[in-house]
Each structure stands twice: as C-alpha cells, then as structure tokens.
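The chain below stands alone, shown as structure tokens; this is the form predicted alone.
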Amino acid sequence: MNLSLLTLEIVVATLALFIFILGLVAPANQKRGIGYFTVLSLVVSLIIAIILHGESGTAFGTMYVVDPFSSYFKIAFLIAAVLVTMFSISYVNKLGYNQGEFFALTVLALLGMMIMSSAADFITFYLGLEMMTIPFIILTAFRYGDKASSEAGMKYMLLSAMSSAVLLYGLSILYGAAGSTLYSDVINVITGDNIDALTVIGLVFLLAGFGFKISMVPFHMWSPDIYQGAPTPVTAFLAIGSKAAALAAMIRMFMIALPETREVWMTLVIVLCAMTIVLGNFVAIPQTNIKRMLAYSSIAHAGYLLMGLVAFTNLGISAILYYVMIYVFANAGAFACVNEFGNMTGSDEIKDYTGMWKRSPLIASVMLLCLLSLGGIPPLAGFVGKFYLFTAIIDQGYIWLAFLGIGMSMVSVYYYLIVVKVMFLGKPVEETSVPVSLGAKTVMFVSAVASLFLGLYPAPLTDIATKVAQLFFPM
C-alpha cells in the first residue's frame, strides 16, 4: 500500500494527538498559544492538501479512495477548520479552561470528515462518521455549568445515536443484498432490474440516516436547539463541516454504489429536497435568536445542495462542489460576527444587534455581505452557486423545483434583511463599541473578499469543480 496517499490524514491525526499532549503539559499561562499553534498547523495541512490535490489511488484494498473529489472536499474542510479555529481562539480564551482539548477535538472531527469523503466502503464510511460525531458531542456540551450547552450535548448524543442506528440498519440490509461492503461490489449486484422490497427498505433507511446528518426535513429537528445551545464556534463547524462531509459521503455512495437504483430513491430525494427548502426558509422567518435563524437557513441550504443530486449530471455535481465552497466562506463570516458579538454581550438575540453599524461597522458590513451571499443576491458568490444549481435541474426538466428554489430564495432574503434592518436602521441601546479580535477580523476579511471575488470572478473555481465532477461522468 502506498502510504503517501494517506499523508494528509496522518498529518492531521498526529496534529490532534500532539495538541492533546500540548494541552496537558503546557503551563497555564501559555495555553493561550495552543489556538495559534493549531491555526498555523492547519494552514500547513491546507497547503499539503492543495499540493496533493492531483494524486489518485486506493488504500486498504479498495476501501479508501484518494481522488480529486475527496481532495476537493478535504480542502473545503481544512478551510472551514482554519477559519473557525481562528475566531474560536478569543472564545476559548474567554472560557479559560481546556484549550488543548477544545482544539484537539476540533481537529479529530476534521479527521472524521476527511475519512468520510474518501470512504469507498460501508465500514470505512461509518468509522469516519463516528470519528466526526463523537468529538462534536463533546464540543457541543463544552461549556461548564451552562444548561443550554449541556442540553444541546445530550440531544445531539441521543439523536446522533438514533440516526446512526437507522443508517446502520440500512447499510446492513444493503450488505445482505450485495454480499459486500465495497461500493465497487454493490453496484455489480444491486441494480434496478433485480431490486426487491427489502433492498428498497434499506435505501429508505439509508436516506433517513443521511437526512439526519445533513439536516434534511423531516430529520432536521436536532439542528435549531443544538445550534443555539452549542458554543458558537462549534455551531459554525457543525453547520459547515459536518453537513459538507455527510453530503460528500452521500454523493460518493449514491453515484458509485447505487446509481442503478436511481429510479427507486430519486422520487424520495426530490420530495425531501422540496420540503427541506420550504420548511427551512419559512420557519426561519419568526426566529428571534440569530443562531436559530442560521440553523433554519442551514436546513434550507441542505435542500438547495440536494438539487445537484436530483440533477444527477456533471453540471449538478459541479454545482454542489462550487456551492459547498462558497457556503464555507459565507457561513464562517456570519458566525465570526455572531461569535464576537456574543463574546462581548452574552446575547444571540437579533434585537440586541440594534444599531450595530455604530457599535461595530466591521461586524455590520461583513454580516451584510455574508447574509446577502447566502440569500443569493448578485454579484455575490451565493448568486452564482444558486444559478448553477437551478440551471442543472432545469436542464433535467425539473422546472417546478427550480421555481420553488427561486421563490424560497426571495423568502430567505426577507429574513436576512430583518437582521440587516436591525443593524443599520435601529438606534443602539448603548454606544459601547464591540471589540473584534485579530483572528475574527482576519476571518471576516477573508470571508467577505471570497464572497465578492467568487461572485465577480467564478471561473477558476467553476473550472476546478467541473473537472472534479467528471470523475462520476467521464467524457
């Protein structure tokens, strides 16, 4: 086996273990530096991932695949991890305890995401899923004595266990039908011609399990409470990384192992996609807590991303890849703003953002850009991403779904503008300025620039996404 294919995973695993040890041995007055060390190490890992992007091969037989698709998602995960870790430094330093454990668990969750994106086997996929989920459970309940954080951790643990059981049941049925856990073997056995009722049940359970992980309606119930109760940096990484990892694993499994059964699961995916977009956007409107609003926004975006799978074309998959990357930047910027305001005021209520443009013009401006990008307003990157997704499904004849997505995008703009209205038109209750840490300023700047640049000049990322998608649709 060529171990060089696992270079990135080995580096990230070693980093997680080293941060754990560093947290134990570092003097109390020097533990503030663990966050900066983590950021620097993740940046180095990101550079390694970019250098290794062109490599392809398999490890552990054919259970683990390194290809442009997995490399693309690993780069997205690493960018998300770098951005989230940068603005989480001020949050963790304010907590004042277990800095090493916080950053080590974040890196372990990242490793789980990377394994999920490369898994070409049911068992490997599940190991990656649990390696991502268990650190997130601990991180969600990280705040000592905080009832909301403890409640969020308990809910996430119970619902994750339930969703994993559902997912495992579906995988076990498919294993029983195919006689193998390898995707390459499953496609040769389970086809549309010989599918039976039990296999259909397995596919339904599989979709339900993935539905929990990507917050797809009606399996979304965990998201709002957990997003609200968890520490804000953890909420950000959950919204960005775990959703993208589950989506990557879902695409690989359904495109490589189960494409012959498309007629069975496609109708269900279309219905769930439409339900997810509608419920996510409409329920976000009355929310008064900004983290709950972003949770329902995240649910709606899961529906938009599913459109690419519904299209089942090169354009559809490349649109997902493009959208995932712009979603990373827009969400990271928005959550960085929420984190800094929450650090100073202890509040996540939208009404408390009144007059933000006077208290912190930077937070108000970046929040405006990121929310408008999520809403799909030109010339920001979110508009281009949604345009690609809508074009992909229109090409396949799903015009009604495209119009539904466009209509719901206008709804999303409405509740995003509620926040903008509060920030720019309201009079601040107090004139105290909101301090922004250096790490958060960097994240805000990068997110704002990326959202603008990828909207005005999408060609480079589009070309990369199109080439990666050709893995599933060779010319």
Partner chain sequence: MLELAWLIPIFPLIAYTLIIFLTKKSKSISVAVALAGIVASLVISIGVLVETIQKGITMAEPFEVAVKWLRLSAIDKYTGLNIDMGILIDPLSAVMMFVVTSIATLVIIYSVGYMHGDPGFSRYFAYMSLFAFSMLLLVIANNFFEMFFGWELVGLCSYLLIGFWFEKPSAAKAANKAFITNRWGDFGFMLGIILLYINFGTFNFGEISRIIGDGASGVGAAILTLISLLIFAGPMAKSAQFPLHVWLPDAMEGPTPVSSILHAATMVAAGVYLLARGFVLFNESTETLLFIAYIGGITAFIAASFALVQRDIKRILAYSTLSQLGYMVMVIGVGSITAGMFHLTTHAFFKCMLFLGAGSVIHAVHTQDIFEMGGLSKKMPITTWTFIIGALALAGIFPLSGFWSKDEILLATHQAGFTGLYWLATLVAGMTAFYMFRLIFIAFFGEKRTDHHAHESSPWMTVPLIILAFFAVFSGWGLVKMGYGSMVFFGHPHHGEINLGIALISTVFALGGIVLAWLIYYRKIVDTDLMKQRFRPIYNLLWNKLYIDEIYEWLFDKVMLGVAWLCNQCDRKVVDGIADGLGDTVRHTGGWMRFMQTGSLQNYALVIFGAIVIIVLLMATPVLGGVIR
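Numbering follows the first chain given and starts at 1. The structure presented is a predicted model; accordingly, all values stated were derived computationally and were not measured.
Here the subject shifts to the form predicted together with its partner chain, a form of this protein not shown in this document.
**Student:** Looking at 159 to 167, 343 to 351, 94 to 102, 246 to 254, which lies within 4.5 angstroms of its partner chain in the model of the complex, counting heavy atoms?
**Tutor:** Among the candidates, contact is made by 159 to 167.
**Student:** Quick check on L456: any heavy atom within 4.5 Å of its partner chain in the model of the complex?
**Tutor:** L456: contacts its partner chain in the model of the complex.
**Student:** Hey, in the model of the complex, is R359 touching its partner chain, heavy atoms inside 4.5 Å?
**Tutor:** Looking in the model of the complex, residue contacts with its partner chain do not include R359, since no heavy atom lies within 4.5 Å.
**Student:** Even though the partner isn't displayed, in the model of the complex is G128 close enough to its partner chain, meaning a heavy atom within 4.5 Å?
**Tutor:** Although its partner chain is absent here, G128 would stay clear of it in the model of the complex, with no heavy atoms inside 4.5 Å.
**Student:** Considering only heavy atoms, tell me if Y72 and its partner chain come within 4.5 Å of each other in the model of the complex.
**Tutor:** No, Y72 stays farther than 4.5 Å from its partner chain in the model of the complex.
**Student:** Checking a candidate spot here: are D196, Q396 and V413 all in contact with its partner chain in the model of the complex (at least one heavy atom each within 4.5 Å)?
**Tutor:** The answer is yes; D196, Q396 and V413 each reach its partner chain.
**Student:** Let me know the one among V449, L417, V44, I50 whose heavy atoms come within 4.5 Å of its partner chain in the model of the complex, would you?
**Tutor:** Residue within 4.5 Å of the partner: L417.
**Student:** Only one of S180, T313, S184, S172 gets a heavy atom within 4.5 Å of its partner chain in the model of the complex. Which one?
**Tutor:** Checking each option against its partner chain in the model of the complex, the one that comes within 4.5 Å is T313.
**Student:** What are the residues of 421 to 447, in order along the chain, with a heavy atom within 4.5 Å of its partner chain in the model of the complex?
**Tutor:** K421, F424, L425 sit within 4.5 Å of the partner.
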